[in-house]
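Take a look at this single chain, the form predicted on its own, given in structure tokens.
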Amino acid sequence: MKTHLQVLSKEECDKIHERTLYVLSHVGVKVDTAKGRAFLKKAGADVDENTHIVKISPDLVESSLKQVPRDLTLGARRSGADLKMNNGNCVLCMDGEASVIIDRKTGERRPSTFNDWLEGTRIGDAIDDFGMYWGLCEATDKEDTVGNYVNHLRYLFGNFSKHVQDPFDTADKALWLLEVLQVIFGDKEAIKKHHPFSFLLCPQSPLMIDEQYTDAYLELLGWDIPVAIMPMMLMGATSPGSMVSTIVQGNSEVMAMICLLQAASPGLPVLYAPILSIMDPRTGRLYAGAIENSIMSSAQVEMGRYYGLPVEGTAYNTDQYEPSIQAGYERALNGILPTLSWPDIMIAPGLLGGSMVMSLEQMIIDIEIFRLSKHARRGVVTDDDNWLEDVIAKTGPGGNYLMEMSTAKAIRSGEWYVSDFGMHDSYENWIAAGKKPLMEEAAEKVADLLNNYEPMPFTDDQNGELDKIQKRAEQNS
């Protein structure tokens, strides 16, 4: 019997869907991509070319939803690392795109670099809890050139062998991406079948679809590249001042993008992935550690499940800028509820300060929170072997169960979550061990992973082909 969390009833999900249909048909969305407007107009949407406002009928929403595949597997370069959606599993994805890092050696706060990005990527590949990539931080020491983009892809796939989800901002990068994917994963049909790469599209709140990233993605049409649709709204600022209205708006933005993508390529795989956050009324900034974010994230997972779509959830945020007691309790509370809701993918670990500050030590702590949350979700196992009436009868009043084989079996089978992180011994042993702080233990785990983990290498032929692509890309920079 798994632990059950419900934020929205079936009737409330129905109401959110009904109000979404109203928003899209009566208010509409601003679609700033001419290509996107053309696809929507051809599909039957009401398009105003002067204002770029597109109104989408309920019938078009419903027919678009029917075209989205529910049976989707996100592929990986590593054998056994494919992610089957809607299959009862939940894996971690790194949080994305910080611009600042807490240096793991000096503890100083500074701009993130390519090497920081590489270290975070390698750690994500090394830890089994992670099933998907998102770039933890920006390489602020690298210029935005075609040559550097191809170099990024080469290091990305060379150091992360599980599923990769990554955005890009120009149409020409799409063509370079496709070249790299074919060297690593095979021809067009192999890529369409295996889905080793997915794209991140973020409608702008409130109710806008941008031109730059949408047109960049549309260059990939025909390759069946899955899309995670991730509007990021702020309740009270870029979405209305209630949780349920924010859920409606986020759902509307996802549905609008689904309609555009299905009009462009019927049957295109998508992931339901809105990030619903709340404004801090004291500052107008993101209130990253607010418990409301956790509640809305659970509701977001439930709405994705309501539609039967693959779901990418979010959690583990904090307002604190460094690992601390505040970061710990905010991230734990913001993590457990969405994990109990059980998306296919959980975006979370590694960032602080509203996802702007990277800490590899925090990543290790977050993974422990995820493991504990997963165990909480496991609930009470009520299989026949777990009732143990015979053991109770055998032991009787006043006995104990320390020497029972059923106790040892239960420990080994996962009835206990036995952590190897943090302090779980007597006070005397803690003192004798030197009272090692948790951050020091986390730093040692980071160093051990970086010193000893070897990513999955490319073949010589792949390296040779990637060399050629890299050289041409640098000449085009």
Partner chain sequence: MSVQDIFNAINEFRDTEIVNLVQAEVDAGTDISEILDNGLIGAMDEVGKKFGEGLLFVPEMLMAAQTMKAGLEVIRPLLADSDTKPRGTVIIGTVKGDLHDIGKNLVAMMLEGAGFTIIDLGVDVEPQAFFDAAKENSAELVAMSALLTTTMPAMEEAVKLIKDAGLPTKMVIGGAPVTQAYADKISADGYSADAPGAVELARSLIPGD
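Residue numbers count along the first chain shown, from 1. Computed from a prediction, not measured in an experiment: that's the story for all the values here.
Same protein, other form: the form predicted together with the partner chain, not shown, and the subject of what follows.
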query = Using 4.5 Å between non-hydrogen atoms, is residue 356 touching the partner chain in the predicted complex?
reply = yes
request  = Give a yes/no on whether residue 282 approaches the partner chain to within 4.5 Å in the predicted complex, heavy atoms considered.
outcome  = yes
Residue contact check: residue 292 to the partner chain in the predicted complex, 4.5 Å heavy atom = no
query = residue 138 near the partner chain in the predicted complex, any heavy atom under 4.5 Å?
reply = yes
One stretch from 88-96, 298-306, 282-290, 387-395 that, in the predicted complex, holds residues within 4.5 Å of the partner chain by heavy atom = 282-290
message = Looking at 184, 72, 237, 174 here, can you tell me which has any non-hydrogen atom within 4.5 angstroms of the partner chain in the predicted complex?
response = 237
query = Using a 4.5 Å cut on heavy atoms, which of 170, 204, 113, 406 is close to the partner chain in the predicted complex?
reply = 204
note = In sequence order, the residues of 304-337 that place a heavy atom within 4.5 Å of the partner chain in the predicted complex are none
